[in-house]
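Shown next as structure tokens: one chain only, the form predicted alone.
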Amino acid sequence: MNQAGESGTQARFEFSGRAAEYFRIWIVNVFLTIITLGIYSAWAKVRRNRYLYGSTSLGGAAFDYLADPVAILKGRLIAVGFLALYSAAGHFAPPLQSLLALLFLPFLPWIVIRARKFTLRNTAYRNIRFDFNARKREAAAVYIGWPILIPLSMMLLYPFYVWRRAQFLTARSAYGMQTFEFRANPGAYYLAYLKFGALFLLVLASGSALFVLGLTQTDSGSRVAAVALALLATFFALLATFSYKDVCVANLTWSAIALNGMQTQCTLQTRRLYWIALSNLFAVLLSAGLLIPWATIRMARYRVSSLRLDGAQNLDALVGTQSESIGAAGEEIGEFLGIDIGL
């Protein structure tokens, strides 16, 4: 759906997935993954992502997920092998486990880059693949250097780290031959985390007061009920507080992504996201997991529908100039191993 806006044409992201369709994919994936002792999980991921990506569209064109499940399986086997070796070392030779952790650290930037490359190079829109190009030195600074500095700064650098990580992942990404821009500033992240911190302390103080008030009840039954109610209220209030933080960070990040005169805007709302997440949790628990597909589709529909693209009139021109780069990107897909670390 396109409409005129102040910055030109606006195009909304749309999600057409249905719970019944996704349930059939999900239940087959679960069954085959179990009977193959996890081997089918790579194919399950490809089937799942192809459906979810294919159900997400912009300007009438859907996204594509093009990954080879064999590459995913190879990456998972390597990861499982390393984890098995790490666990065995912890049981039989603890010093060796520490050595393995130290040996793994230099490989972290390479893993981050390869994982991001694998995800983006296997994502396409209008037959043009996305891409990611970054240096290991920069990835090491973001994923090793900053996490070391954060505790030393008493967590004061954490908002800056969140901004820097988002900038790294966005500004090194590309659509065809066009590189993305990241237009957020760290001050906005500091303000979001400042508000989150204030709410967090307020919830803790209120919860502590309710807890103490409950302990003052003379009747044992009333005391237990009051304390339980205080803990439950604090738990749900903390969930709402973290939902607020996640919404603020998501809106800041997704609203700062620009490409060739276009810019995405994200309008998630804390109340809506919190309700969907909480009701999804209860639905999944009460159904013993059978409503996982329904919950997945429900959350995906809300997140996707909260995105729009401003300046979408530039999209057709961009696609026309980039279409010749498809072949070169496709030839490189088989040259690297995708390690699935969920980035």
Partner chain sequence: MTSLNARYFDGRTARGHEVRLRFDATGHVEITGIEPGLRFALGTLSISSRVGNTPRSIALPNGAKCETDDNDAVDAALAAQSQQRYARLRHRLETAWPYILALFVCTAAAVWGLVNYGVPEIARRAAFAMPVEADRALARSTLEVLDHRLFEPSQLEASRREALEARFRSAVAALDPRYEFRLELRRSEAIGANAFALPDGTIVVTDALVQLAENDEELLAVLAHEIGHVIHRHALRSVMQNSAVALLLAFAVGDVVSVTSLAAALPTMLVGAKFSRDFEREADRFALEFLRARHIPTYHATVILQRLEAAAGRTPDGLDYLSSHPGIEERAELFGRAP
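Since the structure is predicted, the reported quantities are computational estimates derived from the model, not experimental observations. Residue numbers count along the first chain shown, from 1.
Note that the form predicted in complex with its partner chain isn't included here; everything after this is about it.
Within 4.5 Å of its partner chain in the predicted bound form, a heavy atom is found for not a single one of 185, 195 and 238. With the partner left out here, its partner chain still marks one of 107-115, 249-257, 123-131, 267-275 in the predicted bound form; by a 4.5 Å heavy atom cut-off that stretch is 123-131. Though the partner is left out of this view, residue 76 does reach within 4.5 Å of its partner chain in the predicted bound form, counting heavy atoms only.
Mapping the unseen interface onto this chain, residue 13 falls outside it, with no heavy atom inside 4.5 Å of its partner chain in the predicted bound form. Using a 4.5 Å cutoff between non-hydrogen atoms, residue 316 counts as a contact of its partner chain in the predicted bound form. Contact annotation: residue 50 falls within 4.5 Å of its partner chain in the predicted bound form, judged by heavy atom distances. Residues of 269-290 placing a heavy atom within 4.5 Å of its partner chain in the predicted bound form, in sequence order: 280, 281, 284, 285, 290.
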